[in-house]
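For reference, the chain that follows is the form predicted on its own, supplied as structure tokens.
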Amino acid sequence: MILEQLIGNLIQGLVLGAIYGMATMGLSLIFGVLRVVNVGHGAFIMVGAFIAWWLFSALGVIPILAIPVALVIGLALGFIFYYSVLRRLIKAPELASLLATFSIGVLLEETAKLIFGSEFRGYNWAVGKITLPMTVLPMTKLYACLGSVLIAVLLYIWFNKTRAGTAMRSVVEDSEGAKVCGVNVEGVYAMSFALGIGLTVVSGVLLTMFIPVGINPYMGGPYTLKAFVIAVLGGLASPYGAFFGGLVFGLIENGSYTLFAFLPGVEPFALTRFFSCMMLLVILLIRPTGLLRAK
């Protein structure tokens, strides 16, 4: 019985891990290019969640079709916040950018609260399910997983097969050398931040396809913590490592939740969050650059 439940939860964790990985790719991309730690990361996930909820509830637009809308809005927010705030802080001490991204996150949360209120929201998009021997997998979760994998593949192709992607990789390697070679470093910084935010907002849409409830202005905090753990797992500045780190984290989170549920006198959800923090501390102590080599 325990083994069957564990295998079922690991399957669910693998699907959720793909979404976690997708949600962390934007964080790793921004850090890899700009060396800026976006502590307001979860607030942008929240924006994507509200986009999916509002389009479905108010206009009847299915969440899959909300993905391009979320990407456009995320790119726009990224360019706006870069040129209005982050542009001035690229060469500033790290604490300045930390405070700036924290403030951006608070601004987004309070704006969402002002517009939508603070109550929890959700939606019900039922499109069938797949019954497996160990678990039942709703099609919405499968769509979210496939969407995450597709976006990760497209991002890989964009990085390695386009001039813009090559320019971004050159800036990561040596910004001064790239500038000498004619690369618009300022434009690459702006594009990197906008793309990172766009991916993060899209991940909010995908996350609601897996967990379509609990949407509220302050939902992003736990996902920020998870994103940092996954980013360290994947190698800090590696978007691809972040995706695979998300898969690993999803397996560990769901597997540990199943095992913790059989321990008497403990609350498995809270213990799982504590376990995530301990993972982050242990990994940083053993391998500060992450489990996978950053690229």
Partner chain sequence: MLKVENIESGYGSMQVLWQPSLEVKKGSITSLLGPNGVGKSTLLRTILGSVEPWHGRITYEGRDITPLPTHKKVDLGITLVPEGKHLFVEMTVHENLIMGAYRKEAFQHMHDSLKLVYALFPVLKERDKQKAGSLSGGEQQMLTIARALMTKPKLIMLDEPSQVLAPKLVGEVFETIERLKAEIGLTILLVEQNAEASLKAADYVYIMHEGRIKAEGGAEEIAASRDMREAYLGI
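Positions refer to the first chain, counted from 1. All of these numbers come straight from a predicted model, not from anything done at the bench.
This protein has a second form, the form predicted together with its partner chain, left out of what is shown; the following refers to that one.
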Pick from 212-220, 133-141, 170-178, 118-126: which stretch has a heavy atom within 4.5 Å of its partner chain in the predicted complex?
170-178
Only one of 145, 108, 190, 183 comes within 4.5 Å of its partner chain in the predicted complex by heavy atoms, so just point that one out.
183
If we define contact as a non-hydrogen atom of the residue within 4.5 angstroms of the partner, is residue 166 a contact of its partner chain in the predicted complex?
yes
